[in-house]
Ligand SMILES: O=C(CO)[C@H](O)[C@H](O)COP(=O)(O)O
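This document opens with one chain alone, in C-alpha cells, the form predicted on its own.
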Amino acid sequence: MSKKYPIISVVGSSGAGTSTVKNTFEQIFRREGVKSVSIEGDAFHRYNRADMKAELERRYAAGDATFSHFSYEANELKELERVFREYGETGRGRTRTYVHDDIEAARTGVAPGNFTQWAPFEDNSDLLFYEGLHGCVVNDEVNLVRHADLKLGVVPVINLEWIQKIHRDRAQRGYTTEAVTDVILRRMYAYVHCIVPQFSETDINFQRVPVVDTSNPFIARWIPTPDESLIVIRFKNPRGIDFPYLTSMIAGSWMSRANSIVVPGNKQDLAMQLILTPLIERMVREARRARA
C-alpha cells in the first residue's frame, strides 16, 4: 500500500459487470477532480490470440483440459505486481492494450487479438485504477493484495454471470452459445482455484442476485434487468461504515448481516457513489498531502 500513490483494484471474471463498475468510478473521478491512470487485466495476458490457441491445443494434447485465461500461468502476474509496486513507490509505470475487436483495432492500429506496445503512464496522477481478473491474487509467487489500497469484487451469482457472458460474447464477438459454453467449462477449474479466492481478499464485494428464474442460463433469452435484481454489498471490515445513513439514503435497502447491506438492483450506482466517494476523497486527500 502507498500513501503517496494509492491503487484501487476491481476484480471480476468475464461477464461479471466490471465495466459498469468502472464507469461509476470514472464518474466519481470526474466529479471529484481526481486524475487517475487505468490498466486492464487483459493487458497482462501472456499470449496473443494466435499463441493462446496454439498453447490450448498443446495442453489439450498433453491431457490438460483446464488451461484458460483464468489460469495464473496464462498471465504475466509478476509483471502486474511489478507495475503495482513501481506505481506505489514512484507514481510511474506502464501498460498496454489487448485489442479485442475491429473497433479497438481502428483506434489503436493493431490487429484484433494482439497487444499494443507498452507505454508509460501519464505523469502527475492521483491514483492507479485496475480492473480485471487477477488484481487480488495471493499465491506462492505474487501478492497483489499488499500493494492495493482499496480492493473491490464484482461477483454476480454464477448463473447470472454465465447469462451475461453468453449474451456479450454472442453480440459483441460473434460466438455461438455452444462455443461460449465450451469456454465456461474449460475455465471452471481455474475459476474455482484462481478467481474465487480473491473475493476473500477484497474490502467490498458487490454481488448481483436476480429475482427471476435463471435456472438454465444457456437458454435465457435476455439478461435480467436491474429492476429484476438485488445487490448484496459485503464489507470485509464494517467499522466506520454508516449503515443507518446508507439505508436512509437508498430506498428499499436493508441490512442482511452485520457487515452486509442489500439494495435494489437499480440503486447500484447510487450505492456505489455513496460508499466509494468518501473513501476515494479521503484516499486522494491523504495522498496529495503526503506528496506535498
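A residue's number is simply how far along the shown sequence it sits, counting from 1. If you're wondering where the values come from, they're calculated on a predicted model, not measured in any experiment.
Form predicted together with the ligand: not shown, discussed below.
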{"query": "Whether Ile7, Tyr72 and Lys78 all lie within 4.5 angstroms of the ligand in the model of the complex by heavy atom", "finding": "no"}
{"query": "Partner-contacting position among Arg49, Lys267, Arg59, Arg46 - heavy atom within 4.5 Å of the ligand in the model of the complex", "finding": "Arg49"}
{"query": "In the model of the complex, the one of Arg85, His100, Arg96, Arg170 near the ligand [non-hydrogen atom within 4.5 angstroms]", "finding": "His100"}
{"query": "Leu152, heavy atom within 4.5 angstroms of the ligand in the model of the complex", "finding": "no"}
{"query": "Distance check, Asp42 to the ligand in the model of the complex, heavy atom within 4.5 Å", "finding": "yes"}
{"query": "Leu133 within 4.5 Å of the ligand in the model of the complex, heavy atoms", "finding": "yes"}
{"query": "Contact flag, His147 vs the ligand in the model of the complex, heavy atom cut 4.5 Å", "finding": "no"}
{"query": "Stretch from 210 to 218, 171 to 179, 139 to 147, 196 to 204 whose residues place a heavy atom within 4.5 Å of the ligand in the model of the complex", "finding": "171 to 179"}
{"query": "Sequence-ordered residues of 248 to 276 touching the ligand in the model of the complex, heavy atom within 4.5 Å", "finding": "none"}
